[in-house]
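In structure tokens, one chain follows: the form predicted alone.
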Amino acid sequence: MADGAQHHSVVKGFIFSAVFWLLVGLLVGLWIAAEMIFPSLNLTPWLSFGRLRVVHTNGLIYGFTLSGIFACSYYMLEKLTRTPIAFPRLARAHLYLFNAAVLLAAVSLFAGISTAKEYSELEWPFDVVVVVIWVMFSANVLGTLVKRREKQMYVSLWFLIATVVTVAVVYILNNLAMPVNLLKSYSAYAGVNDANVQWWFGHNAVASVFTFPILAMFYYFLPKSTGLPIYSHRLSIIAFWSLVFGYLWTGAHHLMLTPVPEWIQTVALAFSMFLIAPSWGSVINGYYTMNGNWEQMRTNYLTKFFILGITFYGLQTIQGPTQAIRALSGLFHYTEWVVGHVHMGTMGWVTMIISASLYFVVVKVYGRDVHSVKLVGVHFWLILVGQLLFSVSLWVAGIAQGAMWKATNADGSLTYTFLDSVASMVPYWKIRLAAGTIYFAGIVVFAYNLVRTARPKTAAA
């Protein structure tokens, strides 16, 4: 097999891996949303909320998001470097090992094998496999860059380099552990230090997986799909270096008003507020790229995904830092508000950008038009409505929940019991389930459209 054909087969493989894990992850999410309303759905320990929740988060973060990142990264690398992928056979091995690892990791989490560390629940044998997978991907990214024939480094390549480096550093350092047996280990850190390292990893996982590579896609596929040059490459580079520098200091904003030293909390708060500026540098770059060409929001089936996606990114990067303010953290933290905040980023920003990017890449690697532009529109509106309904309802729920937790009587006793606050959430959880169902319907349309685009048309058709 020729290297180019082998490379395209790997891109195709990761595209449909992303679609598969997206459908699976969302189905698990719908099930646990239903469990909040109908507790009887906790049929067995394997289907309990605590286990399914981590299958949902890991399946979508690593199964869906990383598959989409790998597919688009391999595609962009060749285009931006004008060079074939350095190690095409390694890329193919990467595809197979990755999917096997995601499947086995999901089974382990269903079985309750977990470190209980947020976004880092996999036990140490799986961590070793993750490192191997990341080395395989990194070798191809860095190897292709070394061999590149195009010397100009477009900003998307800088974001890919940041992804490769930062994921490796934060993942390995946070997952240092002492194995007890094949399926159990204990963190190398303890107490406050463990919490501090965990959220240094947790928030930089948001940077390294949900921000850097997604911005790489945005900066590449928005100009390619619209035929418009990016407004300012200089602004994109300034935003890049500012983001990379600022993100490293923000993890402790997840630990406001905890035993973590107050100076660490204050540093995290300050850098969180700082991050608004470089984040909005990319938002403004996207808006100004469309200046004078806004009719493409109506005439180009991909533009609305990119512009709404970057808009949700902008809203996310205002909401996230302001939540770090101690007064607001004291009200919102641990409430449904945070769930709404996270899902605006994942359902809005991340999934919209990856969806549009995959549409673009599928058309290119299969050499045919998208099956149905009309279905692309149906997909867009279903996920937009579902995401807004999901996020906004949970923001309202979080405000109500936080207020109930803090409400006191004249004598200083609590006005509401914890069960009162739980019962008050049921109507919001019903809205969440309905919103998730609408969103899932949009993703089913997306999957169908991609599969039909990939299938060769018959002579009769």
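As the structure is a computational prediction, the values presented were derived from the model and not from experiment. Residue numbers here begin at 1 and follow the sequence given.
The form predicted together with a small molecule is left out here; the points below concern that form.
The closest heavy atom approach of F49 to the small molecule in the predicted complex falls within 4.5 Å. Residue contact check for G309: none of its heavy atoms lie within 4.5 Å of the small molecule in the predicted complex. Proximity of P321 to the small molecule in the predicted complex: non-hydrogen atoms within 4.5 Å are present. Under a 4.5 angstroms non-hydrogen atom cutoff, the small molecule in the predicted complex has Y119 among its neighbouring residues.
For the small molecule in the predicted complex, the listed stretch (341 to 349, 297 to 305, 220 to 228, 164 to 172) containing residues with heavy atoms inside 4.5 Å is 341 to 349. Only one of A33, M425, I431, M404 comes within 4.5 Å of the small molecule in the predicted complex through a heavy atom, and that residue is A33. A heavy atom within 4.5 Å of the small molecule in the predicted complex is found for one listed residue only; from R92, R148, H333, H371, this is H333. The candidate site formed by F210, T317 and G436 is fully in contact with the small molecule in the predicted complex, as each residue has a non-hydrogen atom within 4.5 angstroms of it.
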